[in-house]
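So here's one chain in two forms, each on its own in structure tokens, numbered structure 1 and structure 2.
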Structure 1
Amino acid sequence: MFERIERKGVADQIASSLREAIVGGRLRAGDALPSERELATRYEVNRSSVREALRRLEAWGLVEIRQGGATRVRDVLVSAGLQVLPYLIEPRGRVNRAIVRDLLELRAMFLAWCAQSAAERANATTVARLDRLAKALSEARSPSELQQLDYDFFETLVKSSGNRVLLLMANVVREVYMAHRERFVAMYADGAFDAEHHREAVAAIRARNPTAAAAAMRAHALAGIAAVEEIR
């Protein structure tokens, strides 16, 4: 865990090493980290680099630094921010299936609410783009093409909401999704994906029917969860 660190980006590398240990469970909530002096010795770096790395861990909500006391690991799911979500998906090279499901459930809520919002406020340009994407999804054949088009549809819905906080949260979803696309490809296998949900959503948005739009996107998201669950 405490490999020698190269000089370039020293603090980044130390912070990444310790973050991986915390997220992966090798360092648990309540554990005390070695002292700055000991970490500097183990990583073969100076103490200022270690201090900077610890500050980053503190900013992420992963540790608590106490003056004159030990730096202790915090409970990730209680204290950490959304920026650590990408690292929770695959700690130590193994997929955290519970986190994947939680992410997909969050996606279902996003999709339903954004479709409802789009039905209430989307302009003609947005509706036309959604319609083009729905048609492209109907014609796509490969899982990778379906995956990209489906994400484009999701992103268009999010942008149409005009909700700035939701846009920031969607950025986190995008980072996780794009970094681990292979983990979600099962949602686009033969028999798992049905573009009819998207066509129904577009029709409901055009008709200004928020309830139907939300129902169509919720059905799409739940089908995706079921598809991922089946391969476990």
Structure 2
Amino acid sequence: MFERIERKGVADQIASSLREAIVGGRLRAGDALPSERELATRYEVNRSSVREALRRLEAWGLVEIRQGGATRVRDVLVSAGLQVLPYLIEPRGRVNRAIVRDLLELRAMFLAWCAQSAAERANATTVARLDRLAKALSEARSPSELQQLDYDFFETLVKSSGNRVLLLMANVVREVYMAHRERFVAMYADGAFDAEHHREAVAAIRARNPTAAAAAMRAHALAGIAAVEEIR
């Protein structure tokens, strides 16, 4: 009880409706959307609200708006940004396993690369923070607690890589991951998770051994992928 109450604005709902139509394939790339005035009539809302929804879709890279001409649907995989990921993962309520696997593969690449960068340039403060997280991971028991700590470890690693562009990517990934965190909790179920790789990585970073650090985090990520795949 006391669960969060949904309160979405009109514009939000329209944006969601259109987004699902596009991502779900009911509207194809190149198709022209009805005019703003017609959408307003059909949804029985004001044109301003429709406009607001359309601007959001445009910011997501899902449609192309041109004054005087029709608003057209763009090809999702060619022009959409990372923000649409949550909707690709779960179109029509069913999880798209292939996309999840793609995401986890990228996670493996990022983890390994960040660990390598961290080993090359991390300072004592960062190493200490990673060390604390690794220790906490060794002691934590509940899967959700492990998941949170592991995510914190990931973020700390990204920050310690010192790459600000990667930081921006991580921001988007965080939103996606947090929205679907229960999908990935399987990676932390009894026995599926072992903090050994984290301890190894921290030791390697402290010893300034990039290769070993990368290998440890890659091993961790691959173990996670295996755990998720097994569950399904």
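Rigid core here is just the name for the largest C-alpha set that superposes within 1.5 Å across the two forms. Quick note, the numbers are simply positions in structure 1, starting from 1. Keep in mind it's a predicted model, so treat the numbers as computed, not measured.
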### Message
If I had to pick the form predicted on its own out of these two, would it be 1 or 2?
### Response
1
### Query
For residue 166, is the CA shift between the two structures at least 2 Å following rigid-core superposition?
no
### Task
Indicate whether residue 102 shows a C-alpha shift of 2 Å or more between the two structures, with the rigid core used for the fit.
no
### Message
Aligning on the core only, does the CA of residue 75 end up 2 angstroms or more away between the two structures?
### Response
yes
### Task
Would you mind giving the Cα movement of residue 51 between the two structures in Å, after fitting on the rigid core?
4.6
